[in-house]
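The chain below stands alone, shown as structure tokens; this is the form predicted on its own.
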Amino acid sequence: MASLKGSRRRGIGLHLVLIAGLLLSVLPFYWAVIMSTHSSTEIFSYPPKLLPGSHFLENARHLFDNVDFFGSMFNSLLVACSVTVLVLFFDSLAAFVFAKFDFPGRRVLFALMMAIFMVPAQLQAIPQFVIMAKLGWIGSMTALIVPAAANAFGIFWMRQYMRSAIHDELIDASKLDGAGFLRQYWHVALPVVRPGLAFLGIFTFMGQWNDYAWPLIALTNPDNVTLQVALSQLNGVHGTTDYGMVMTGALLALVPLLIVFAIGARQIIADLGKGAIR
């Protein structure tokens, strides 16, 4: 009886901790909604406004008047979707080779890749800019897409996932059936590692969508920028910052991320459930 009461108390305590964590996680999003529906004067009023206001449409109208919001969103979608597709293909392909095939120099190549993974992105900006300039890609979306088409983290993540998820017996059976390398990759490896690909897709899309530094450097035309760079132009417009307008832009910029996360999370849960049933 005492042990039953103790387990109930632990369960209640665990649920209280989870609820507190949930509230802390939701609070920034709720506050962004509150700020986007008020004017700057109301945002800095005391006591603070804790309920939604009536200025959202007005803030949205000011936002669309000051920046090309939908054009910048299209640029961000183009870059994020293109990079995500390329990363999923190239990283999973390279990871499949590292995980399931033995060839001369495999360990050396993997060590070099991990060394590149440890180099901060800021150190790569200058040589990357020089290369893009020599290719004539500065100012175009190509300068954002091609350098990010493959990365060391994605290869490392998918290699580790494939080593445990893809059994050697599956590869051997496909070889007996006469399957070549690409057929093994497409029909054997990819169906098994879809949860890992879903996570990598979400991670890559979010990273590209939120990227600010490299698009600011590479896109020299202020009228043709990604969404994060466009939103940064709202700071100090007309000498003052309209925080209601800024928060409206930030809130609208979250919508594609939430959609991608919902789709990717559903894919992860569905595939994990299928694996458990098997």
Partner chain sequence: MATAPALETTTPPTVTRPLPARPGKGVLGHWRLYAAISPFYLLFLAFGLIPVGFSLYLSFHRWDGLGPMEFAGLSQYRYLLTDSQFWSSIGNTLVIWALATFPMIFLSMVTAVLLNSAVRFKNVYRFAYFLPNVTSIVAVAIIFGSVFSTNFGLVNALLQAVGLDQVAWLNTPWGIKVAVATLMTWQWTGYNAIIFLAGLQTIPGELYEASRMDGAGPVQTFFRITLPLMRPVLLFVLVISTVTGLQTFSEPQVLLQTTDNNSSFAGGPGHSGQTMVLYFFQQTFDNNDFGYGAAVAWGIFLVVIIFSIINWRLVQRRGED
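For the two forms, the rigid core is made up of the largest set of C-alpha atoms that agree within 1.5 Å on superposition. Worth saying up front: this structure is predicted, and the values here are computed from it rather than measured. Positions refer to the first chain, counted from 1.
The protein also exists as the form predicted together with the partner chain; that form is not presented, and the subsequent description refers to it.
Trainee: If you check 144, 200, 155, 193 against the partner chain in the model of the complex, which one has a heavy atom within 4.5 Å?
Mentor: The option sitting close enough to the partner is 155.
Trainee: Ok, 206, 162, 73, 88: which has a heavy atom sitting within 4.5 Å of the partner chain in the model of the complex?
Mentor: The option sitting close enough to the partner is 206.
Trainee: In the model of the complex, does each of 123, 228 and 246 have a heavy atom within 4.5 Å of the partner chain?
Mentor: Judged in the model of the complex, 123, 228 and 246 all sit within 4.5 Å of the partner chain.
Trainee: Flag residue 54 as yes or no: does it have a non-hydrogen atom within 4.5 angstroms of any non-hydrogen atom of the partner chain in the model of the complex?
Mentor: No - in the model of the complex, heavy atoms of residue 54 and the partner chain never come within 4.5 Å of each other.
Trainee: Determine whether any heavy atom of residue 222 comes within 4.5 Å of a heavy atom of the partner chain in the model of the complex, and answer yes or no.
Mentor: No, residue 222 is distant from the partner.
Trainee: Using the partner position in the model of the complex, report whether residue 184 sits within 4.5 Å of the partner chain, counting heavy atoms only.
Mentor: Residue 184: contacts the partner chain in the model of the complex.
Trainee: Hey, in the model of the complex, does residue 151 get a heavy atom within 4.5 angstroms of the partner chain?
Mentor: Heavy-atom contact with the partner chain at 4.5 Å: present for residue 151.
Trainee: Since the partner is left out here, which residues of 196-222 would have a heavy atom within 4.5 Å of the partner chain in the model of the complex?
Mentor: Contacts from 196-222: 206, 210, 212, 213, 216, 217.
Trainee: On a core-based superposition, does residue 228 travel 2 Å or more at its Cα between this form and the one not shown?
Mentor: No, its C-alpha moves less than 2 Å.
Trainee: For residue 45, is the C-alpha shift between this form and the one not shown 2 Å or more after core superposition?
Mentor: Residue 45 C-alpha, core-superposed: shift of 2 Å or more.
Trainee: Superposing on the rigid core, is the CA of residue 31 displaced by 2 Å or more between this form and the one not shown?
Mentor: Yes, shifts by 2 Å or more.
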